[in-house]
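Shown here is one chain on its own, the form predicted on its own, set out as structure tokens.
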Amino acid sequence: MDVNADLAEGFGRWELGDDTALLDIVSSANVACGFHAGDPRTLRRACSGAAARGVAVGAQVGYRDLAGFGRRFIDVDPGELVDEVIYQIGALDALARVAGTAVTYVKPHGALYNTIVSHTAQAEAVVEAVRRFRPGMAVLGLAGSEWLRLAEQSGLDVHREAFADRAYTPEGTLVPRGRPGAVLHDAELIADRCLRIVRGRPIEAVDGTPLSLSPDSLCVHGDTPDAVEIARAVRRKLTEQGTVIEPFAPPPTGPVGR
């Protein structure tokens, strides 16, 4: 099982999350690309840390919305979205290659992630961008989303994730952050929940109904105050019960060309 977290979400002197600690825990790093968060130095530092630890680097592409942290819907023209996503992947891949690794997958961020669960035009744009950057590239997203359906049709390498610290609706979508109970904080309860997911057992949706998930990766958010504690608890619980933590889109093992 893969464990992923969002990294490089600071900007300049403003820091968010503990990237160094999380890189010692996760197997895949969703690295910001400068549109919702992150500056070149922060991005390169995260890529270097990932390369040193054998952690996969993913491009966490988003809306161009630094002020809103990429959590506001933008009715962007699909053609413009294609170009902006290519730009983000390419910029991060350049920094990753200088650090001795490469971008091996793409995971959208925030409002873009949630929008392309059902917004066909924007989902098509993100798929087109990834396909044009690298045909067959690995992508990560929510099971049942338009994004992954279209990605699979386009020949991309599709992987599904579950969220360790987020509440789910009965339909399998995420409870919006503004609602009570949307984000979970009890590390041990979250770890037990993740073990149930890995073992194929249902978890409870927000209304108490059983919900079954079959992910390739578990996401622990990196921007909450207890992110490191939760990530450690999840990794410890899974490894103690015999689960091997490894990336779904492994980083390159040999020299990386530029």
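Here the structure is a predicted model, which is why all the values come from computation and not from measurement. We number the residues from 1 along the sequence you see. If you superpose the two forms and keep the largest set of C-alpha atoms that fall within 1.5 Å, you have the rigid core.
Although it is not shown, the form predicted in complex with a further copy of the same chain is what the next lines describe.
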| query | finding |
| --- | --- |
| Option touching a further copy of the same chain, based on a heavy atom within 4.5 Å in the predicted complex, out of 134, 149, 185, 177 | 134 |
| One residue of 162, 117, 91, 158 in contact with a further copy of the same chain, assessed in the predicted complex (non-hydrogen atom, 4.5 angstroms) | 91 |
| Partner-facing stretch of 228-236, 22-30, 192-200, 36-44, counted where any non-hydrogen atom is within 4.5 angstroms of a further copy of the same chain in the predicted complex | 36-44 |
| Contact flag, residue 223 vs a further copy of the same chain in the predicted complex, heavy atom cut 4.5 Å | yes |
| a further copy of the same chain contact at residue 206 in the predicted complex, heavy atom, 4.5 Å | no |
| is_contact(residue 124, a further copy of the same chain) in the predicted complex, heavy atom dist at most 4.5 Å | no |
| Partner contact for residue 10 in the predicted complex: a further copy of the same chain, 4.5 angstroms, heavy atom | yes |
| Full three-residue contact with a further copy of the same chain in the predicted complex, heavy atom 4.5 Å, for 66, 74 and 80 | yes |
| Residues of 157-171 having any heavy atom within 4.5 Å of a further copy of the same chain in the predicted complex, listed in sequence order | none |
| Per-residue C-alpha change between this form and the one not shown, residue 177, threshold 2 Å, rigid core fit | yes |
